[in-house]
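Below you'll find only one chain, the form predicted alone, shown as C-alpha coordinates.
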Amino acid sequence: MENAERLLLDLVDAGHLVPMGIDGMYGRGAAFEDTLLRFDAYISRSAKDDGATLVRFPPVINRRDFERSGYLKSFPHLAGTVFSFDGTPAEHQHLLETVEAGGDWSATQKMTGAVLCPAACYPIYPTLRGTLPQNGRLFDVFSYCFRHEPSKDPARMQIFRMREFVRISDGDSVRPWRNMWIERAMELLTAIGLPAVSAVANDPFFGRGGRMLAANQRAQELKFELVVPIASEESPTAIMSFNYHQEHFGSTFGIQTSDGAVAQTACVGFGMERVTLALFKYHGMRVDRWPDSVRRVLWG
(Lines give C-alpha, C1' and ligand atoms only; values in the text may rest on other atoms or scores of the structure.)
Protein backbone atom coordinates (compact mmCIF):
# COMPACT_ATOMS: atom_id res chain seq x y z
CA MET A 1 0.00 0.00 0.00
CA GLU A 2 1.28 3.48 -0.86
CA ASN A 3 2.21 5.76 2.03
CA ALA A 4 -0.49 8.29 1.08
CA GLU A 5 -3.25 5.67 1.09
CA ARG A 6 -2.01 4.22 4.39
CA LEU A 7 -2.05 7.67 5.97
CA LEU A 8 -5.54 8.28 4.61
CA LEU A 9 -6.80 5.02 6.14
CA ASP A 10 -5.28 5.94 9.50
CA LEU A 11 -6.95 9.36 9.41
CA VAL A 12 -10.30 7.86 8.47
CA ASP A 13 -10.05 5.13 11.12
CA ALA A 14 -9.30 7.79 13.74
CA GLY A 15 -12.33 9.84 12.67
CA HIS A 16 -10.26 12.81 11.54
CA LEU A 17 -11.39 12.63 7.90
CA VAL A 18 -14.74 11.46 6.55
CA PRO A 19 -14.66 10.17 2.93
CA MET A 20 -17.25 11.67 0.59
CA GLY A 21 -16.83 9.29 -2.35
CA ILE A 22 -14.67 11.68 -4.39
CA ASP A 23 -10.89 11.69 -4.19
CA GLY A 24 -9.70 14.80 -2.40
CA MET A 25 -13.01 15.67 -0.72
CA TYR A 26 -13.55 14.91 2.97
CA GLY A 27 -15.55 15.88 5.98
CA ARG A 28 -13.51 16.82 9.05
CA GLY A 29 -13.89 15.22 12.48
CA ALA A 30 -14.03 17.07 15.79
CA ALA A 31 -10.36 16.63 16.76
CA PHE A 32 -9.18 17.59 13.29
CA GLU A 33 -11.30 20.74 13.25
CA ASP A 34 -10.31 21.71 16.78
CA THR A 35 -6.62 21.32 15.94
CA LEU A 36 -6.99 23.40 12.77
CA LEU A 37 -8.74 26.19 14.66
CA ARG A 38 -6.10 26.10 17.41
CA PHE A 39 -3.42 26.54 14.78
CA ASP A 40 -5.40 29.40 13.24
CA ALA A 41 -5.47 31.11 16.66
CA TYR A 42 -1.72 30.54 16.95
CA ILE A 43 -1.20 32.37 13.63
CA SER A 44 -3.35 35.24 14.89
CA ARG A 45 -1.27 35.58 18.06
CA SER A 46 1.95 35.71 16.04
CA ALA A 47 0.65 38.46 13.74
CA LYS A 48 -1.45 40.48 16.20
CA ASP A 49 0.85 43.53 16.13
CA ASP A 50 1.19 43.70 12.34
CA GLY A 51 -1.87 45.89 11.84
CA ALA A 52 -3.49 43.78 9.11
CA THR A 53 -7.05 44.52 8.04
CA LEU A 54 -9.12 41.38 8.57
CA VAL A 55 -11.48 40.46 5.70
CA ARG A 56 -13.39 37.21 5.21
CA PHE A 57 -14.77 36.37 1.76
CA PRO A 58 -17.06 33.52 0.66
CA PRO A 59 -15.38 30.70 -1.32
CA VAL A 60 -16.48 32.19 -4.67
CA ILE A 61 -15.38 35.21 -6.67
CA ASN A 62 -16.87 37.30 -9.43
CA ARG A 63 -16.37 35.46 -12.75
CA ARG A 64 -15.33 38.64 -14.58
CA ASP A 65 -12.69 39.43 -11.96
CA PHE A 66 -11.49 35.83 -12.17
CA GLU A 67 -11.17 36.09 -15.95
CA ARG A 68 -9.19 39.32 -15.64
CA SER A 69 -6.83 37.81 -13.05
CA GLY A 70 -5.09 35.65 -15.67
CA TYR A 71 -5.66 32.41 -13.77
CA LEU A 72 -7.05 30.65 -16.84
CA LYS A 73 -3.89 31.43 -18.80
CA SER A 74 -1.74 29.55 -16.31
CA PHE A 75 -3.98 27.07 -14.49
CA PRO A 76 -7.05 26.13 -16.58
CA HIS A 77 -6.77 22.55 -15.31
CA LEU A 78 -7.30 23.64 -11.68
CA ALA A 79 -10.22 26.04 -12.10
CA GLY A 80 -13.73 25.30 -10.87
CA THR A 81 -16.75 27.18 -12.17
CA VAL A 82 -20.31 27.35 -10.85
CA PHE A 83 -23.10 26.22 -13.19
CA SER A 84 -26.83 26.18 -12.49
CA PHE A 85 -30.08 25.14 -14.15
CA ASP A 86 -31.82 27.97 -15.99
CA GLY A 87 -34.37 26.32 -18.22
CA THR A 88 -38.04 25.70 -18.94
CA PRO A 89 -40.30 23.13 -17.26
CA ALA A 90 -39.85 20.89 -20.31
CA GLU A 91 -36.06 21.16 -19.99
CA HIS A 92 -36.37 20.38 -16.30
CA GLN A 93 -38.26 17.21 -17.15
CA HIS A 94 -35.51 16.28 -19.59
CA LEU A 95 -32.93 16.85 -16.86
CA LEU A 96 -34.77 14.50 -14.49
CA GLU A 97 -35.12 11.83 -17.16
CA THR A 98 -31.43 12.06 -17.95
CA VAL A 99 -30.48 11.76 -14.26
CA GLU A 100 -32.83 8.77 -13.88
CA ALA A 101 -31.16 7.07 -16.85
CA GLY A 102 -27.70 7.71 -15.42
CA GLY A 103 -26.80 10.01 -18.30
CA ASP A 104 -24.86 13.26 -18.64
CA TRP A 105 -27.08 16.15 -17.58
CA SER A 106 -24.42 18.87 -17.87
CA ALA A 107 -26.04 20.29 -21.02
CA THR A 108 -28.97 21.48 -18.88
CA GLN A 109 -26.65 23.73 -16.86
CA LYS A 110 -25.45 27.25 -17.69
CA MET A 111 -22.46 29.15 -16.35
CA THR A 112 -23.27 31.63 -13.57
CA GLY A 113 -21.38 34.75 -12.52
CA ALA A 114 -19.52 32.89 -9.77
CA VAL A 115 -16.24 30.94 -9.87
CA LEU A 116 -14.84 28.84 -7.03
CA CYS A 117 -12.03 30.70 -5.33
CA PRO A 118 -8.59 29.23 -6.19
CA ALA A 119 -6.69 31.11 -3.47
CA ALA A 120 -7.84 33.16 -0.49
CA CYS A 121 -6.12 36.33 -1.73
CA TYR A 122 -7.87 36.53 -5.12
CA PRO A 123 -10.97 38.47 -4.00
CA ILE A 124 -8.83 41.24 -2.47
CA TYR A 125 -7.24 42.74 -5.58
CA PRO A 126 -10.42 43.76 -7.48
CA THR A 127 -11.58 45.71 -4.41
CA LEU A 128 -8.51 48.00 -4.44
CA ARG A 129 -8.78 49.86 -7.72
CA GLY A 130 -7.25 53.28 -7.27
CA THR A 131 -4.49 54.78 -5.12
CA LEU A 132 -3.17 53.17 -1.97
CA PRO A 133 -2.35 55.10 1.21
CA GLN A 134 1.30 56.07 1.66
CA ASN A 135 2.32 52.86 3.46
CA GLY A 136 0.26 50.56 1.27
CA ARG A 137 -2.14 47.97 2.65
CA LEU A 138 -1.89 44.72 4.59
CA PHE A 139 -4.77 42.23 4.70
CA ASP A 140 -5.57 39.09 6.66
CA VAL A 141 -7.84 36.76 4.64
CA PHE A 142 -9.17 33.25 5.18
CA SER A 143 -11.32 31.15 2.88
CA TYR A 144 -12.17 27.72 1.57
CA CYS A 145 -10.49 27.28 -1.83
CA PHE A 146 -10.95 24.85 -4.71
CA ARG A 147 -8.48 23.29 -7.15
CA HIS A 148 -9.45 20.45 -9.42
CA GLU A 149 -6.68 17.94 -8.76
CA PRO A 150 -8.29 14.77 -7.36
CA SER A 151 -5.85 12.53 -5.51
CA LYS A 152 -5.76 9.78 -2.92
CA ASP A 153 -3.09 11.75 -1.10
CA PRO A 154 -4.94 13.33 1.87
CA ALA A 155 -2.57 16.29 1.69
CA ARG A 156 -3.81 17.10 -1.83
CA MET A 157 -7.44 18.03 -1.26
CA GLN A 158 -9.69 19.63 -3.83
CA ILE A 159 -11.49 21.68 -1.17
CA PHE A 160 -9.27 23.18 1.53
CA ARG A 161 -8.75 26.30 3.62
CA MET A 162 -6.08 28.96 3.26
CA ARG A 163 -5.14 31.66 5.74
CA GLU A 164 -3.25 34.40 3.95
CA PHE A 165 -1.60 37.71 4.66
CA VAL A 166 -1.44 39.99 1.62
CA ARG A 167 0.92 42.98 1.31
CA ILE A 168 0.21 45.61 -1.35
CA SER A 169 2.70 48.45 -1.70
CA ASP A 170 5.94 49.22 -3.57
CA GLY A 171 8.69 46.72 -4.31
CA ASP A 172 10.97 48.09 -1.59
CA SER A 173 8.33 47.14 1.00
CA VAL A 174 6.70 44.04 -0.46
CA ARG A 175 9.62 41.71 -1.07
CA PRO A 176 11.35 42.26 2.33
CA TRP A 177 7.97 41.69 4.01
CA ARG A 178 7.64 38.37 2.24
CA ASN A 179 11.16 37.34 3.23
CA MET A 180 10.51 38.30 6.85
CA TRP A 181 7.53 35.94 6.88
CA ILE A 182 9.64 33.02 5.67
CA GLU A 183 11.76 33.30 8.83
CA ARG A 184 8.77 33.91 11.09
CA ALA A 185 6.84 30.96 9.70
CA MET A 186 9.79 28.63 10.15
CA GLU A 187 9.87 29.57 13.82
CA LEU A 188 6.12 28.98 14.15
CA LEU A 189 6.32 25.51 12.64
CA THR A 190 9.44 24.51 14.57
CA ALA A 191 7.68 25.38 17.82
CA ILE A 192 4.95 22.83 17.08
CA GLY A 193 7.38 20.08 16.14
CA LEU A 194 7.17 20.13 12.34
CA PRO A 195 10.46 19.57 10.45
CA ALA A 196 9.86 22.18 7.77
CA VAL A 197 12.51 23.32 5.31
CA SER A 198 12.44 26.25 2.91
CA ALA A 199 12.65 25.64 -0.83
CA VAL A 200 12.47 27.73 -3.98
CA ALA A 201 9.36 26.58 -5.84
CA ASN A 202 7.13 27.17 -8.83
CA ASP A 203 3.42 26.98 -9.47
CA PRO A 204 1.94 24.10 -11.54
CA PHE A 205 1.65 26.06 -14.78
CA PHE A 206 -0.24 24.38 -17.61
CA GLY A 207 1.09 23.28 -20.98
CA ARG A 208 4.34 23.60 -22.87
CA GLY A 209 4.66 27.31 -22.18
CA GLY A 210 4.18 26.57 -18.50
CA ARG A 211 7.65 25.05 -18.28
CA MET A 212 9.16 28.38 -19.28
CA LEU A 213 7.01 30.25 -16.76
CA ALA A 214 7.99 27.83 -14.03
CA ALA A 215 11.68 28.15 -14.84
CA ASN A 216 11.42 31.95 -14.80
CA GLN A 217 9.55 31.90 -11.49
CA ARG A 218 12.26 29.78 -9.89
CA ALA A 219 15.11 31.80 -11.41
CA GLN A 220 13.71 35.04 -9.96
CA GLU A 221 12.85 33.35 -6.63
CA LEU A 222 9.28 34.64 -6.84
CA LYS A 223 7.93 31.68 -4.89
CA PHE A 224 9.18 29.92 -1.78
CA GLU A 225 7.54 27.07 0.10
CA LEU A 226 7.97 25.50 3.49
CA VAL A 227 7.76 21.77 2.89
CA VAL A 228 7.28 18.81 5.24
CA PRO A 229 7.24 15.09 4.35
CA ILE A 230 3.65 13.98 4.97
CA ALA A 231 2.78 11.17 2.56
CA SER A 232 6.24 10.91 1.00
CA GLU A 233 9.81 11.45 2.13
CA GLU A 234 10.94 11.82 -1.48
CA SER A 235 8.31 14.42 -2.38
CA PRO A 236 7.59 16.55 0.69
CA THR A 237 4.37 18.53 0.84
CA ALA A 238 4.22 22.33 0.75
CA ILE A 239 2.33 23.47 3.82
CA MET A 240 3.08 27.18 3.37
CA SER A 241 3.83 29.36 0.36
CA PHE A 242 5.38 32.80 -0.01
CA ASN A 243 4.61 34.47 -3.33
CA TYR A 244 5.91 37.69 -4.82
CA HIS A 245 3.61 38.68 -7.70
CA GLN A 246 5.58 41.77 -8.75
CA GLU A 247 3.21 44.15 -10.62
CA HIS A 248 0.82 41.48 -11.96
CA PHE A 249 -2.23 42.23 -9.81
CA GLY A 250 -1.47 45.94 -9.52
CA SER A 251 -1.40 46.28 -13.30
CA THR A 252 -4.40 44.00 -13.87
CA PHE A 253 -6.70 45.78 -11.44
CA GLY A 254 -5.35 49.34 -11.66
CA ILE A 255 -3.86 49.57 -8.18
CA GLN A 256 -1.36 52.41 -7.67
CA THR A 257 0.97 53.42 -4.87
CA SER A 258 0.68 56.89 -3.37
CA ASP A 259 3.34 58.21 -5.78
CA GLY A 260 1.47 56.91 -8.84
CA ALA A 261 3.51 53.78 -9.56
CA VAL A 262 1.92 50.42 -10.26
CA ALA A 263 1.53 48.62 -6.93
CA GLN A 264 3.33 45.37 -6.24
CA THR A 265 1.91 42.52 -4.18
CA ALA A 266 3.00 39.51 -2.19
CA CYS A 267 1.13 36.94 -0.15
CA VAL A 268 1.93 34.47 2.61
CA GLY A 269 -0.34 31.43 2.62
CA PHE A 270 -0.90 28.77 5.27
CA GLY A 271 -2.39 25.52 3.99
CA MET A 272 -4.58 24.93 7.02
CA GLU A 273 -5.52 21.31 6.32
CA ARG A 274 -1.96 20.46 5.35
CA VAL A 275 -0.49 21.84 8.56
CA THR A 276 -3.13 19.93 10.53
CA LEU A 277 -2.35 16.71 8.63
CA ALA A 278 1.35 17.21 9.31
CA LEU A 279 0.63 17.52 13.03
CA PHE A 280 -1.23 14.19 13.05
CA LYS A 281 1.47 12.61 10.91
CA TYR A 282 4.29 13.57 13.26
CA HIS A 283 2.60 13.48 16.63
CA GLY A 284 0.11 10.64 16.20
CA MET A 285 -3.63 10.25 15.78
CA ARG A 286 -4.36 10.83 19.49
CA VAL A 287 -4.15 14.53 20.33
CA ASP A 288 -4.05 13.79 24.06
CA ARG A 289 -0.78 11.92 23.53
CA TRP A 290 1.01 14.71 21.68
CA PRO A 291 4.19 16.20 23.22
CA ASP A 292 3.49 18.65 26.03
CA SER A 293 5.54 21.31 24.25
CA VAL A 294 3.23 21.18 21.23
CA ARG A 295 0.05 21.11 23.29
CA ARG A 296 1.21 24.15 25.29
CA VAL A 297 1.68 26.16 22.10
CA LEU A 298 -1.66 25.21 20.56
CA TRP A 299 -3.89 24.74 23.60
CA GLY A 300 -2.12 26.91 26.16
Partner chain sequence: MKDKIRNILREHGKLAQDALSLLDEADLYQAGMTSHASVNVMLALESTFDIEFPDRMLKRNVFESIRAIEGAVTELVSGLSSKPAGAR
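Positions refer to the first chain, counted from 1. It should be emphasised that the depicted structure is a prediction, and the values quoted were computed from it without experimental measurement.
What comes next is about the form predicted in complex with the partner chain, which does not appear here.
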> Applying a 4.5 Å heavy atom distance criterion, does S74 contact the partner chain in the model of the complex?
Replying inline: yes
>> My question is simply whether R129 lines the interface with the partner chain in the model of the complex - judged by any non-hydrogen atom within 4.5 Å.
In response: no
> Are any of the heavy atoms in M212 no more than 4.5 Å from a heavy atom of the partner chain in the model of the complex?
Replying inline: yes
>> Even though the partner isn't displayed, in the model of the complex is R208 close enough to the partner chain, meaning a heavy atom within 4.5 Å?
In response: yes
>> Can you pick out, from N216, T190, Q134, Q93, the residue that has a heavy atom within 4.5 Å of the partner chain in the model of the complex?
In response: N216
> Among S84, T88, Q220, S106, which has any heavy atom within 4.5 Å of the partner chain in the model of the complex?
Replying inline: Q220
>> Given a 4.5 Å cut-off on heavy atoms, tell me which of 51-59, 227-235, 66-74, 24-32 is the interface stretch with the partner chain in the model of the complex.
In response: 66-74
